[in-house]
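Have a look below at one chain only, the form predicted on its own, in structure tokens format.
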Amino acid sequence: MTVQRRIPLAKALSDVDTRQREISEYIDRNKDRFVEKLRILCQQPSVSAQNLGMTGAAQLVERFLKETGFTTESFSPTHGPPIIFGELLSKHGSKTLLVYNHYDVQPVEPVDLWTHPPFSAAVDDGRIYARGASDNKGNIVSRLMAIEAFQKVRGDVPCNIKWVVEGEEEIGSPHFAEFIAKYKGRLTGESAIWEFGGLDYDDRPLVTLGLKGMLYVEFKVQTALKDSHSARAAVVENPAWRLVRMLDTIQDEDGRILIEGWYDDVKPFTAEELEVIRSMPLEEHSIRDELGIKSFLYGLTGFEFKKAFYGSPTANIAGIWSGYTGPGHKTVLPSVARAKMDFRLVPDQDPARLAGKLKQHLARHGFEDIEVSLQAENPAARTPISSPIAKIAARAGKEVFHKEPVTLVTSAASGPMHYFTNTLRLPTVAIGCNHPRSNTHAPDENQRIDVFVQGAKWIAKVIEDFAKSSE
């Protein structure tokens, strides 16, 4: 008869604590080396909007993944920079976790507002200053730190890890669908971790369960073959005025989008989601202080503020330009006027269908001559609050940061998460090493080094607990 020796519960828990402590201690011992690794990645430009440094950045990311033990493939879309796919198999774990990041960054302009050169990756007062330090290169390297810790301390990762790192997220991921179509059969697993996440203004860990969708368009109005003297404004139409009048038909003074049928498919929050939103800490004062504003649109505050921020479709003018914008004056009648708009969408709005409604709206109001260029179309994505990965991420965040985590039903931002939640059917959470004063997309973007390190421990704990979970 075989006698099974029972391990006392206290000793088993002690062994678990020891193993987790070893991972944490490895991360602490090696943080300086990974800070330097992040600086190297940030010093490599990768501005997708300007096609600047993209191939070099992709090669650097692939090298980093290989150095951490991943087998990698570089997929080149028909147009656009490479997408890196890495795979690291566990020797003992059977579950699979997918990870998504992007190596492209926003343009650095206006350069004169940066304290440090945007690709210098200067270290100052516990932060790394660089375009991409927070969005999204900090998260890439922080995750590499967590995975290397498992490899070096235990010689194995607790579960299989599949990692996708693309180069066009900042311009709407226009070619990511090609990758998904080709690799869909290989992108199997139980759950996924999205590219961003971190702490709120009070350093509480945030677990985000979705993203708004996006329809990004550019309008072009042309009324003449060339610019001319502004004396002709009495008899020649100014395209800027025509553009402004068209834009005025899109949204009313109360923020309601006036395009016919725009709200037809909006999926309301569930009662459970509304309760989570109601219980979320309120950060109105922190956002007001950061932006230097006295109040929010339409007097929004409290629960209505949170509900609008996370659940309302928006129509935002991202840029508008025409004629002469340099110093001094120039009396010119421009021939062309342009504007860019991003429309944030919620479940179940279809960006392709809404693009059609937008064009119908322009024709209905006499603006059928205005050229509309579609630049990004991403549906919204949302993971159920009850999903196991959401609970795992929250518990792990509390253990690492020693603060009660905040669950966000969705982010007000957008991205191609829908390919993971809607196409691959993977519950997906956004967690990471960001902080709210990172100046993402703005001058002096930065990454707090302490959050960079703790974020790696958070990811490591999630990987560990995910691999052990029976759900």
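What you see is a predicted model; the values in this text were computed from it and never measured. Position 1 is the first residue in the sequence shown; the rest follow in order. Whichever C-alpha set is largest while still superposing within 1.5 Å between the two forms counts as the rigid core.
Although it is not shown, the form predicted together with a further copy of the same chain is what the next lines describe.
* Asked: With a further copy of the same chain left out of view, which of V266, A122, V153, I250 would have a heavy atom within 4.5 Å of it in the model of the complex?
  -> After the contact test, the surviving option is I250.
* Asked: Looking at L225, L113, A181, A352, which is the one with a non-hydrogen atom within 4.5 Å of a further copy of the same chain in the model of the complex?
  -> It is L225.
* Of 395-403, 271-279, 74-82, 166-174, which is the one stretch near a further copy of the same chain in the model of the complex, taking non-hydrogen atoms within 4.5 angstroms as near? -> It is the stretch 166-174.
* To do: Report yes if any heavy atom of W241 sits within 4.5 Å of a heavy atom of a further copy of the same chain in the model of the complex; otherwise report no.
  => Yes - in the model of the complex, heavy atoms of W241 and a further copy of the same chain come within 4.5 Å of each other.
* Going by a heavy atom distance of 4.5 Å, is R344 a contact of a further copy of the same chain in the model of the complex? -> So R344 counts as contacting a further copy of the same chain.
* Asked: Hey, in the model of the complex, does S373 get a heavy atom within 4.5 angstroms of a further copy of the same chain?
  -> S373: no contact with a further copy of the same chain in the model of the complex.
* Asked: Is P388 close enough to touch a further copy of the same chain in the model of the complex, meaning at least one heavy atom pair within 4.5 Å?
  -> Result no; P388 lies far from a further copy of the same chain in the model of the complex.
* **Partner contacts for 305-339, taking a further copy of the same chain in the model of the complex and a 4.5 Å heavy atom cut-off** => Heavy-atom contacts within 4.5 Å come from F305, A308, F309, S312, T314, A315, N316, I317, A318, G319, I320, W321, S322, G323, Y324, T325, G326, P327, G328, H329, K330, T331, V332, L333, P334.
* Taking the rigid core as reference, does the Cα of F196 move 2 Å or more between this form and the one not shown? -> No.
* CA of R143, rigid core aligned, shift of 2 Å or more between this form and the one not shown -> For R143, whose C-alpha is compared between this form and the one not shown after core superposition, the shift is less than 2 Å.
* Asked: Cα of G328 displaced 2 Å or more between this form and the one not shown, core superposed?
  -> Moves: yes, 2 Å or greater.
* Did Y324 and P443 drift closer or farther in the model of the complex, going by a CA distance change of 3 angstroms or more? -> Pair moves farther apart in the model of the complex.
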